[in-house]
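Shown below, as structure tokens, is a lone chain in the form predicted on its own; questions about how it binds or moves come after it.
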């Protein structure tokens, strides 16, 4: 399943406009906050698909039955670009466990190709859990597929949700061919992917925009 959060007019469209704008992107704090907001909205929408149970709460004036989440999710992200989006999810699923994946594109300076290097994964037991993966840019899908593969070594989740700021159609198709059971939530969806694996019009490098440029080795 794929949900495009920009398919209907909402405040998400405002935030996506700012996230993409080369002028607004100059403000790193604004870029991080808008990315967080996408994560928060996605968390709210995902919560509607989860199981709840009834509990009794004591108020100053009596008792009230309320519905609460039956089980807390595990929130995973790929460092470093995914941190603001992950933070947005954590703002709403504030009792969730967390998982982190260290991965990056290792570029070949001769021909512009790249390989995905995944150095480590730290994760709680995923057996029967709800797994939500924050990955701001779903381009080719290569890094996300590697991340899912690494996470599944920690158990088989009951549900897998993927939250992105921008997804590319090609990347969506690649991920769903391998894992058709996942539900992907995108702030927006773009059609074009360059030969070097960049989404067009996209937004640029999410990690650099959030945290500053990095040296390439």
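Numbering follows the first chain given and starts at 1. From a predicted model like this one, the values you see are computed outputs, not experimental measurements.
Absent from the display: the form predicted together with uracil. The rest refers to it.
A heavy atom within 4.5 Å of uracil in the predicted bound form is found for exactly one of 75, 137, 144, 101: 137.
Contact annotation: residue 18 falls outside 4.5 Å of uracil in the predicted bound form, judged by heavy atom distances. Under a 4.5 angstroms non-hydrogen atom cutoff, uracil in the predicted bound form has residue 199 among its neighbouring residues.
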